[in-house]
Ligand code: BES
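Single chain ahead, written as structure tokens, the form predicted alone.
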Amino acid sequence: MASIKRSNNAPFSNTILSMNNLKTSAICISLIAGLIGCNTKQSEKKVESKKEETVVTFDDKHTYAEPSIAKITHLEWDADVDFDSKTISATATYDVEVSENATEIIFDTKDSLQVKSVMVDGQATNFKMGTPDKFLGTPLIVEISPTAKKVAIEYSTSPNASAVQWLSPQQTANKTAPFLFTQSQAILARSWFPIQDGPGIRFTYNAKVKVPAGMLALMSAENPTAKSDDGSYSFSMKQPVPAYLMALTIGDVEYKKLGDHTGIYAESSLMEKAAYEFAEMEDMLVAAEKLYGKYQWEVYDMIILPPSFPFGGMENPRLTFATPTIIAGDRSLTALVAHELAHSWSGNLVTNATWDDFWLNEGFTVYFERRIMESLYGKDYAEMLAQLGYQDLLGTVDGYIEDNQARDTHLKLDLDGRDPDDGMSDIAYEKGYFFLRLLENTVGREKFDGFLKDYFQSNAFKVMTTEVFVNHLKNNILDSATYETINADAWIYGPGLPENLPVPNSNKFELVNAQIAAFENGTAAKKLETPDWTSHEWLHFVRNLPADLSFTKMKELDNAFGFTKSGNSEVIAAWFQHTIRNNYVPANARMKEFLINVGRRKFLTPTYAAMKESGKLAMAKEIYNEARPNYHSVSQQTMDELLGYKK
């Protein structure tokens, strides 16, 4: 997932109503293909050298499933999508592996998902719904025997399933047909199909999906490139994936091939712009393979979703979901594409075992993303990205410390009793990146690249915990003395930012800083030296302008550089921080338009927060009341808490 901003959430609830009663054993998953091992009494993680058996044991507190007793391995999904009722009616048939003493298998459900019937090996069986929990939803407990092979669940979703956003034609680019997309990370997959919804549980799947004629259905699987006559589609995902990476989208979209292994889906009115913006996707894939080994998902396509999509991108295998806010017209925001592509190795190929280990997905991906960008555009370009990330990280850490939430600045998180979405901040992304950058600096790039390439290849389609990674690190590139010298435990298990953080330095930003200083010292904005600046230089410029600017100075900057009319979402979102704080009223209409039409949480959170902190909460609520129906549930949840919104 593309990097997101933390929000100032209200205190977290610690009510887990029934999960502890359901969990009778720790999850045990082998990192050697075909080998499964489990010792529920073992208190220490079992770790051996990479040449021998490595078993990862972990307790995922965000799923009711007990995979050491009974787990899914494959899904056949047969679904009918009804846009009128905003429901999905489906049968999910699972291949299962069960232990010799198994009497039940447990699935996760959420948001009033209605289970109509359950069959085990073709025969009706007993099932019950457990006690619901605010974050985890409701467990579905199915009676089985130790000989069970298949479990078939007939069900329908609720119109308010939190993973699914149903859009009217007016909320799309073409305005000709409705649209649907799912966003399952972290634990929202359970709202649109009953599933063992933990990142440490992988399965393959096939699907048959019926949609209205004239619309194209796509999944995180082998996809069609043209509409069917009757709206019937079939899909296959042959590589095992966790539930959060199963995805569905339906709309009036077209396909354009970009390279041997890459292509783009978009509404017709966006296709020309999108194809231009992302023309370098194939080059990115080639650069990634040169770094860390073969791409193992056959094709890498991307779909441009409507602007209500809550994130920059989501790394659904074979089909990245992306926001239109990265279409800037000059290919300046395509680092997000490199980020989602990098997830094909870090996250999709080697997956965090629990959401407490989220940094293993995102920190690695940011590091990989910047290496791809450096390969294509040079070190200066990548260093600008790193410095912007560093600025984000400092703000996030300061915010957590001010809110007495220092524990959330650890790389290894403790999300017990909370929504794992609360852990998706710049800590995992940027602190994780800088820790890996420190490792590179410590052992040298060549050695570190070899380590990462082997890590991805030897752990492909498997899961990883922080503790197992630490041991892998010690067994391969860091001796104990070096591990202690770089203070690695403080990075992983401690708060804040260690003093040995490798602070990035961009020569290009030094030149930008000189122009900011000149402006502060009286040089007219239109006389500043800004030739051939990239969007990253402009973003740094806007972010680092003086906090307090008079209306005259704000108007001068706007007249010279057209910030209020900018088509670059990153730049205009940063500009709004100044317009709100300095009461620059001419930007209010543009800000309102932006907030109503863009649902990306990265931009919504700081903009609404700035209004709240500047004494403009009434204005924020007025805009939010109008904009809220356009937002996905994950954005709604964050803004509801931020603004004290009550339904």
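Throughout, we count residues from 1 along the sequence that is shown. These numbers come from a predicted model, not from an experiment.
Not on display, but discussed next: the form predicted in complex with the ligand.
Although the partner is absent here, Q185 lies within 4.5 Å of the ligand in the model of the complex, judged by heavy atoms. Although the partner is absent here, E340 sits close enough that one of its heavy atoms falls within 4.5 Å of the ligand in the model of the complex. Using a 4.5 angstroms limit between non-hydrogen atoms, L336 touches the ligand in the model of the complex. Contact check for K602: a non-hydrogen atom falls within 4.5 Å of the ligand in the model of the complex. Only one of 424-432, 438-446, 111-119, 223-231 lies within 4.5 Å of the ligand in the model of the complex by heavy atoms, and it is 424-432. Using a 4.5 angstroms heavy atom cutoff to the ligand in the model of the complex, all of G312, E315 and E362 count as contacting. Residue F358 is the only one of W345, F368, F358, F107 with a heavy atom lying within 4.5 Å of the ligand in the model of the complex.
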